[in-house]
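The chain below stands alone and is given as structure tokens, in the form predicted alone.
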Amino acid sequence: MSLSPTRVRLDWVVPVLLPVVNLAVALLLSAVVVVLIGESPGRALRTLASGAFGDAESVGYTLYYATNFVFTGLAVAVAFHGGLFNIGAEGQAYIGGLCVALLCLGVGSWPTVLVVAVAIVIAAVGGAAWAFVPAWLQAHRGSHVVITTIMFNFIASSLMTYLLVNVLIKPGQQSPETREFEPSTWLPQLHDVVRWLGWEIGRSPLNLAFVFSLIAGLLVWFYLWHTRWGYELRAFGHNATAAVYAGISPASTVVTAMAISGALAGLMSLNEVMGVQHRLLLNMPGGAGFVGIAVALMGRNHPVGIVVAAILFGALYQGGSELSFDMPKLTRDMVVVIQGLIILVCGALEHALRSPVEALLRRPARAE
């Protein structure tokens, strides 16, 4: 049975055209804000693009920010496919970072390859363990995962504050942070890696965690669409009643989905703790867990879309810094407003333009 041209056309509206339209609307609203401030929207857009992609160093910073959003976007997406809303990526990244920091503080002269391999495992285990409790509570006690994951964010933040102020703080300093790790525990910077291969790129915080995030996206794609467990997870997310009737265990599906989601969020800490800061700091996730929700929505919960959306938000972070520097009227707070408009339109109001776009595409088919 062949599909009609209208059906084929509408099949790519949601994953391709709709995010583009939503982004265009968000940029138009941002342009109105810029005009009201008394600046030129064209100049602001050029400054934003140049700050994010103008040279190799700017691209490196953009991809560095995007790395965090890829991990947290994948974490939110896996839970979404299981019909769950994981708002606890911040806390899960916190605990993953704590596990990584304890490893880096405790190892002596381990080879860097061994440290990185063990850090990947314990970061994932730490994030998964922190997500396991809310998952178990929903699966066996009926506690809603949205409420419990939010609460666990506060618990993780309070735990980290106590440890950094009273236990892990470097002696003789007042700033709540650990001592710097040994250089053998640092993630290699990409500009050093490519220099070893004979290439030269601009210096930036971009490190091997970006490569790990792309590998994670590939593994998530394979798991969700090419394994029996991924099929069960998506089936449960589409229709829990039908999935139970087909023999899929709801409790194990919820726990598995949240554990994988938490593990991905925990891996985000590699970028910050081992790749850039080389110590454990307060507020290490920096809000990336919440941005991951918008990244997952804009990326249609698909790894490819998530990577593209993460790069967009990374460009907003990096380009926004340049924007506030070059155009003083556009303060950092106004840049946050612009970022919020994009998140609002592309995330919360994602389907607002779906019906008009579909109606517009149906019209030529009806005429034919």
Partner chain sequence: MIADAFLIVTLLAAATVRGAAPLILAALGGLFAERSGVVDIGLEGKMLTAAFAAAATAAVTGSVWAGLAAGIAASVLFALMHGFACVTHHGNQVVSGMALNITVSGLTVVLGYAWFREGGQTPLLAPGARFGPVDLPGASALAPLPVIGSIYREVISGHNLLVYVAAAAVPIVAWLVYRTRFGLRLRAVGESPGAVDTAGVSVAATRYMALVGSGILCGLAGAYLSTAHHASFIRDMSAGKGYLALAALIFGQWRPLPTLGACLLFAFADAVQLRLQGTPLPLVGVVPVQLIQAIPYVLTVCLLAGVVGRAVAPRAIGVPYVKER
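Think of the rigid core as the biggest set of C-alphas that the two forms share within 1.5 Å after superposition. Numbering follows the first chain given and starts at 1. Note that the structure is predicted; figures quoted are calculated from it, not measured.
In what follows, reference is made to the form predicted in complex with the partner chain, a form of this protein that is not presented.
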Each of 339, 343 and 352 having a non-hydrogen atom within 4.5 Å of the partner chain in the predicted complex: is that the case here?
yes
So which of 323-331, 63-71, 47-55, 299-307 is the stretch with heavy atoms within 4.5 Å of the partner chain in the predicted complex?
323-331
Which pick from 110, 290, 223, 132 sits with a heavy atom within 4.5 Å of the partner chain in the predicted complex?
290
Contact residue in the predicted complex, from 252, 283, 173, 161 (heavy atom within 4.5 Å of the partner chain):
161
The partner chain contact at residue 216 in the predicted complex, heavy atom, 4.5 Å
no
If we define contact as a non-hydrogen atom of the residue within 4.5 angstroms of the partner, is residue 27 a contact of the partner chain in the predicted complex?
no
State yes or no: in the predicted complex, is some non-hydrogen atom of residue 31 no more than 4.5 angstroms from a non-hydrogen atom of the partner chain?
no
Is residue 87 one of the residues lying within 4.5 Å of the partner chain in the predicted complex, judged by heavy atom distances?
yes
Residue by residue through 127-151, tell me which have a non-hydrogen atom within 4.5 angstroms of the partner chain in the predicted complex.
137, 141, 143, 146, 147, 148, 150, 151
With the core lined up, does the C-alpha of residue 316 move 2 Å or more between the shown form and the other one?
no
Closer or farther: the C-alpha atoms of residue 335 and residue 293 in the predicted complex, versus the form shown, with a change of 3 angstroms or more?
closer
